[in-house]
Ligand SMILES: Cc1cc2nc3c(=O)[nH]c(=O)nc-3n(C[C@H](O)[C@H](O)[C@H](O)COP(=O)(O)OP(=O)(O)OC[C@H]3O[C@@H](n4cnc5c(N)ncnc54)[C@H](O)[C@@H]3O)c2cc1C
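Form predicted alone, single chain, as structure tokens, below.
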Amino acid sequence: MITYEFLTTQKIEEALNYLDKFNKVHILAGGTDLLVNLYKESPRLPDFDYLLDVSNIPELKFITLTNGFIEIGPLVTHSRLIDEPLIKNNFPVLTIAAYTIGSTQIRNRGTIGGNIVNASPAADLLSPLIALRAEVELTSRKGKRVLLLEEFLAGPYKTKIKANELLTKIKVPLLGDNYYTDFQKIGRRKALSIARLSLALITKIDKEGIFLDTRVAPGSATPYPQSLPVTEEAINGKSIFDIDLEEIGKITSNEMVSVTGERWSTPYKKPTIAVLVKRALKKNIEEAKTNE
């Protein structure tokens, strides 16, 4: 049986004081993963003596436009990401990804911050946020630090957050003109689907139809979500009128295997990741041609 002392707060400052005062504190936000793991007494749970509920801190529930970034509080739910005009109008790839998460009940309860800090290889928001080059702000009583999300992730279910730090903000830089985005996901089943494989693709297509600043980030394909620079470089500079999608698919597959090595899932994932990148590119190409 897992035993712990329960702490709760409605203020960031008080939460930071708890983190500074006590050792082995685990954070509870939406709880959609944590509560299941507690019930199952999952070995994935860290060793903790205190459970700190931050779900009622209003200061962590914002979405604002500030200095070229959309800043998102870590307690913003998946449902709010779907409904928020600032997100829908600027980052449709994030809206689509949020919509694929679980059930309505899970989307209403689960949070963007929890999805990030839990750092599941299958976390649906991580790949689009990495492709968007999102940053995370970590706060302690000693101050704040900001990391690129891709640098913040340290492994499956592991991050670089320190014991005395709280995730207080996600910063997503606005995309410029002529950017196209897509999110593809394949799950084991439609209802409550956990991603078996997903992929976020963001690219700029100039007036001549040339791919620029391409970003490709899969989910569940590598030990933890990360960008695929070889694939990105292979796409950049190509024209939407003659790009070889089959070749790009093969490059993506090979890059994934170069990261993971050959595993029991490789025969499934290798051709499937190729399909996802081709679908995403095809969708973006069609949109670009429509906008000509």
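The numbering used is simple: start at 1 and walk along the sequence shown. A quick note: this is a predicted structure, and the numbers were derived from the prediction, not measured.
Another form exists, predicted in complex with the named molecule; not displayed. Remarks below refer to it.
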One residue of Ile251, Leu28, Ile243, Leu38 in contact with the named molecule, assessed in the predicted complex (non-hydrogen atom, 4.5 angstroms): Leu28
Selected contact from Ile82, Val172, Ile161, Leu197, since only one has a non-hydrogen atom within 4.5 angstroms of the named molecule in the predicted complex: Ile161
Ala123: touches the named molecule in the predicted complex, heavy atom cutoff 4.5 angstroms: yes
Contact test in the predicted complex: Thr32 vs the named molecule, heavy atoms, 4.5 Å: yes
Partner proximity in the predicted complex: Arg133 to the named molecule, non-hydrogen atom cutoff 4.5 Å: no
4.5 Å heavy atom contact, Thr181 to the named molecule in the predicted complex: no
Stretch in contact in the predicted complex with the named molecule, which is absent here, among 101-109, 173-181, 141-149, 206-214 (heavy atoms within 4.5 Å): 101-109
Site check Gly113, Val117 and Leu167: each within 4.5 Å of the named molecule in the predicted complex by heavy atom: yes
Neighbours of the named molecule in the predicted complex among 54-88 [non-hydrogen atom within 4.5 angstroms]: Pro74, His78
